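Below sits a lone chain in structure tokens, taken as the form predicted on its own.
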């Protein structure tokens, strides 16, 4: 599945991944391949990405919104630390 992490200034991350775990407003949740479509608000916190080669990448976001649809993830955030 493909993910894009986008701020108002530029794209922070774009690529094919195995999974992502995000800080949802009502608790963190994980998105895997073939996840049901969802739009959710996000709290500030860590975003954990597992890439295709099993490397783990972590970003700290200032909250935002995530959309998951047809194995495509778009995460919009104000800033990434």
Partner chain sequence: MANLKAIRLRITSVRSTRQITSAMKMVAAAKLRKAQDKIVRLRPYAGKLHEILVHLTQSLADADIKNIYSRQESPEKILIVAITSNRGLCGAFNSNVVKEVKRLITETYHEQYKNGNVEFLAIGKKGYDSLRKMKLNIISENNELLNDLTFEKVSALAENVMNAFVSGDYDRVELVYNHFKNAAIQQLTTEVFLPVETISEEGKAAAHVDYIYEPDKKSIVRELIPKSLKIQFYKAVLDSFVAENGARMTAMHKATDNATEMIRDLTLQYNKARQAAITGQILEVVSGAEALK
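Numbering follows the first chain given and starts at 1. Because the structure is a prediction, the values reported are computed rather than measured.
Omitted from view is the form predicted in complex with its partner chain, to which the following refers.
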Does residue 16 reach its partner chain in the model of the complex, with heavy atoms at most 4.5 Å apart? no
Residue-level contact is defined here as any heavy atom of the residue lying within 4.5 Å of its partner chain in the model of the complex; does residue 48 satisfy this criterion? no
Would you please decide whether residue 38 lies within 4.5 angstroms of its partner chain in the model of the complex, comparing each non-hydrogen atom pair? yes
Contact between residue 26 and its partner chain in the model of the complex at 4.5 Å, heavy atoms? yes
Is every one of 3, 20 and 60 within 4.5 Å of its partner chain in the model of the complex, counting heavy atoms? no
Does anything in 4-24 come within 4.5 Å of its partner chain in the model of the complex by heavy atoms, and if so which residues, in order? 6, 7, 8, 9, 10
